[in-house]
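One chain comes next, on its own, written out as structure tokens in the form predicted alone.
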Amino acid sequence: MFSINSECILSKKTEDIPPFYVMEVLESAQALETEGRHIIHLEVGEPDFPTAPHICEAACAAIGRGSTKYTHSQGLLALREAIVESYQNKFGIELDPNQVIVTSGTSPGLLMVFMALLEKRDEVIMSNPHYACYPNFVKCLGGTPVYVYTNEANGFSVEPETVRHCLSPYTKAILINSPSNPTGHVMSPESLQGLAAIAEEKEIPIISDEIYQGLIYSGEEHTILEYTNNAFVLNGFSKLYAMTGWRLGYIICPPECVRALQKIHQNFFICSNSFVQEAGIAALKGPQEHVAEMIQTYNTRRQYMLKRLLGMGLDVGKEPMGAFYVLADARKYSNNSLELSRRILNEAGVAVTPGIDFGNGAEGYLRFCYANSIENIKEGMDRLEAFLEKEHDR
């Protein structure tokens, strides 16, 4: 039988894409579970709450009405209006529904924005640590990620002056993420304002990934759109409304860029699922008590996990105040976070994410996700503590 040599037919950029290690940890954990092992999952950033009943009912009703056809490539007008209204209510900013493009999750939205902006050799400034997939989007489109190295002492905050030092004639965008994955850091108004000033001065757009917006545990939340219109905002329903599998997100972009993004969406994605968009309307305009309860529960888990990790001697420089992650320094046990995470999984039955997934600035760290029950978190912390005690005694 004829066999294809993958080295001959696959593009170099495909070969160069690194694994998404959190998914590999998850898949290894699932393999152990098929063997009868009980695994505590603290790796994947997915809410453990069910989608609220009124959201599910809205989707079912939409299917019953026959809302199973293509929609406008930018999304249902009613959903775009609801998105604009939510930003106005939260932040007091005026937006036009025509600035919104509804996508099948924020990942396609991010790809679309980079497709619209990047030429070969163009640079995108981003933090290190960073969400694992950011550099891969940029590299696959011929761009170059430029890293701003941050540190745990200030919560891995991206400082405007550090960004300024990274600017070059090839800089095409500044990418930020607040609340942050993997650090849980929430950017201050001063940092956002400082970055907005740089964007205005240099006429470089900010790409702001705000998918964890709303998941903060102290202080006020902010959007980059409070400080500049020269921005592409990515947001969605996966995290705040426990709708990861629904795949519903959106882009808010400058008016002059709408047509370009719309054409990209038409060609590569056509539109988002119609009945899922109806569910999004229900999420934004329906009861919000379940969201408040979920945030309160996350906060309880966050405080418990932080206390336990610090008690084990894992360092957390500044308390994370957003999303549902803790990035903890485990370098006293190993500088190889991938190997350490594998050993914790195999020996302790706890799945955690290696810091190297988020760039070399997080090597030696481990990311813990508290989107799990307090009972499972307690069990996971007990197992981890026993594992680290053995490590200390070796």
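Predicted model, so just to flag it, every value in this text is computed and none were measured. One rule holds for the numbers: they count along the sequence shown, beginning at 1.
Below, we turn to the form predicted together with a small molecule, even though it does not appear here.
Participant: Which residue, 241, 156, 232, 212, has a heavy atom that falls within 4.5 Å of the small molecule in the model of the complex?
Facilitator: Comparing distances to the small molecule in the model of the complex, the residue within 4.5 Å is 212.
Participant: Have a look at 217, 114, 131, 227 for me and say which one sits with a heavy atom within 4.5 Å of the small molecule in the model of the complex.
Facilitator: Answer to the contact question: 131.
Participant: For the interface check, one of 104 to 112, 77 to 85, 166 to 174, 293 to 301 should have non-hydrogen atoms within 4.5 Å of the small molecule in the model of the complex; which one?
Facilitator: Every other range fails; the passing one is 104 to 112.
Participant: Considering non-hydrogen atoms and a 4.5 Å limit, does the small molecule approach residue 127 in the model of the complex?
Facilitator: No - in the model of the complex, heavy atoms of residue 127 and the small molecule never come within 4.5 Å of each other.
Participant: Contact with the small molecule in the model of the complex for residue 265, defined as at least one heavy atom pair within 4.5 Å: yes or no?
Facilitator: Output for residue 265 is no: heavy atoms all beyond 4.5 Å of the small molecule.
Participant: Is there a heavy atom of residue 247 lying 4.5 Å or less from a heavy atom of the small molecule in the model of the complex?
Facilitator: Taking the distances in the model of the complex, the answer for residue 247 is yes, it comes within 4.5 Å of the small molecule.
Participant: I'd like to know if residue 181 sits close to the small molecule in the model of the complex, meaning any non-hydrogen atom pair within 4.5 angstroms.
Facilitator: Yes.
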